[in-house]
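Single chain ahead, by itself, as structure tokens, in the form predicted alone.
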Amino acid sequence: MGDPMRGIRQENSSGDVHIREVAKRFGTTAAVNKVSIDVQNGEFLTFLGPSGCGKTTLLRMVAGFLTPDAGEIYFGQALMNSVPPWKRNVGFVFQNYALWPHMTAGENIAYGLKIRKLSRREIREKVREVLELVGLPDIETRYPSQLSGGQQQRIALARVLVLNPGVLLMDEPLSNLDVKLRGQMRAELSRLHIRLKTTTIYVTHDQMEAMTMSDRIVVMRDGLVQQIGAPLEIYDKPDNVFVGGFIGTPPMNFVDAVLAKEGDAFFVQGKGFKLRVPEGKFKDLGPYLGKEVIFGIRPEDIIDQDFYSGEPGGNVITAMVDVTEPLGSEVLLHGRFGEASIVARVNPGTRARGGEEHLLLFNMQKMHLFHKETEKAIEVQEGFTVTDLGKVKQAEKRGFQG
């Protein structure tokens, strides 16, 4: 049938989007508070955050459905604040698909083309091309009620793509699908973006969607941007406690501690534990000496001592195991040491059992420290590299690279 992208690719004119100090209030509530973001041409950027963080409000201002109370939105060099939605060359994919129930899939896709007064031949050609593109070439004559949720979502996407938007906006488009179908649609959306390179702004509260599809993620909370970065950058170097806790499943463990020093070595310590800080990891710990800090470590960086075959180390604690959750390829171990509660992701062969003590090794090369009052990350030394922690038998399975 030829290249199904041909007509779409020809007319696509995606470009940069620049959000400058944009704010929006609803009554006394600041839904978006002086947000500035640059979206690059062809980028897949995701607004990620909990319900009520302002991500959908911001997306709707980019679309033109809402007008900012302050700030500017540019497409390239053109100011968009007073430009109506239908003149912005954006495509918007809604959470609830918004398909016309009395129209077939083909008629839904063709609707916008008819408004643009294309010829019947052109409409038929474009509809066929976009149906091929989204992998549904044989359902043109079916009605929405005859389609699965995943098929309806693809038709909703096709209806937008056929109009060749310069910017594609998607508001929680997969939230109505079951877990398996969401995984399939994530892969489909990623495939389409790689092929079309349309500038895309995506909204979700699902970190899995954000991590797997995005070039960059904007983490939002209470109308404010918390961090902008590539998925692994945000995961490995969260700017604050909120980002560290929001990204990752299970979330990062946080333990109140005090920073101490013995000789040239720094330690984080509290009731029932004392863990050494890797030399040179942080830029300057002097100002925090003797003060309370927040110690953070991800579940995958707490290792079952039984599966560690390197040299004996000091960063081992005895934890009281409360509950173990077998998940097939791994076990989530919920436990306590001192007054702290933790979750560890360990090898499925673990001998740990609820109600018993078990030795756990902390990979302190992967530790995080946060300021107690501001909850902002304490700066890591630039160029710090993780040294060899030893041979960990479950390393490959868990992605551990100590």
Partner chain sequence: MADSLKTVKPTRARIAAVIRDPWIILSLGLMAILLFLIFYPQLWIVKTSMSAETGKSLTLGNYGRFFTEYRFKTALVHSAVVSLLSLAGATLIAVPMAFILARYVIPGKQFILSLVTMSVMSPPFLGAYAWVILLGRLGILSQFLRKIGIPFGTIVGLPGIVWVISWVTYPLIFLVTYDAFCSLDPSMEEAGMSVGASRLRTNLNITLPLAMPGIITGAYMAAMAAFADFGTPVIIGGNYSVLPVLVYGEFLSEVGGSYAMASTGSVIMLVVSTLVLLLQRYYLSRREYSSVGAVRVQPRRLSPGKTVLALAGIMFVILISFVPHITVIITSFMKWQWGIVKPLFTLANYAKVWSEASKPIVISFFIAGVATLLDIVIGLFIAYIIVKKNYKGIAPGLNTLVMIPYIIPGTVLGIGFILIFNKPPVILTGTWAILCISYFVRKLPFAVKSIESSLYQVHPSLEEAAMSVGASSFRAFRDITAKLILQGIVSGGTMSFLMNITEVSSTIILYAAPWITMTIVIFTNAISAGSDFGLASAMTVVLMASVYIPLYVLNRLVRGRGGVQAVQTT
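Positions refer to the first chain, counted from 1. It should be emphasised that the depicted structure is a prediction, and the values quoted were computed from it without experimental measurement. Under this definition, the rigid core comprises the largest set of C-alpha atoms superposing within 1.5 Å between the forms.
Heads up, the form predicted together with the partner chain isn't pictured, but that's what we're talking about next.
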Q) Hey, in the predicted bound form, does residue 96 get a heavy atom within 4.5 angstroms of the partner chain? A) yes
Q. So in the predicted bound form, does residue 359 come within 4.5 Å of the partner chain, heavy atom to heavy atom?
A. no
Q: Indicate whether the partner chain has at least one heavy atom within 4.5 Å of a heavy atom of residue 100 in the predicted bound form.
A: yes
Q: Tell me, yes or no, whether residue 38 is in contact with the partner chain in the predicted bound form, where a contact means a heavy atom of each within 4.5 Å.
A: no
Q) Among 111 to 119, 179 to 187, 232 to 240, 199 to 207, which stretch sits within 4.5 Å of the partner chain in the predicted bound form, heavy atoms only? A) 111 to 119
**Q.** 245, 76, 85, 314 - the one with a heavy atom within 4.5 Å of the partner chain in the predicted bound form
**A.** 85
Q.
Please identify the residue among 90, 275, 285, 213 with any heavy atom within 4.5 Å of the partner chain in the predicted bound form.
A. 90
Q.
If you apply a 4.5 angstroms heavy atom cut-off, which residues in 15 to 30 are near the partner chain in the predicted bound form?
A. 23, 25, 30
Q. Would you say residue 141 moves its Cα by 2 Å or more between this form and the one not shown, aligning on the core?
A. yes
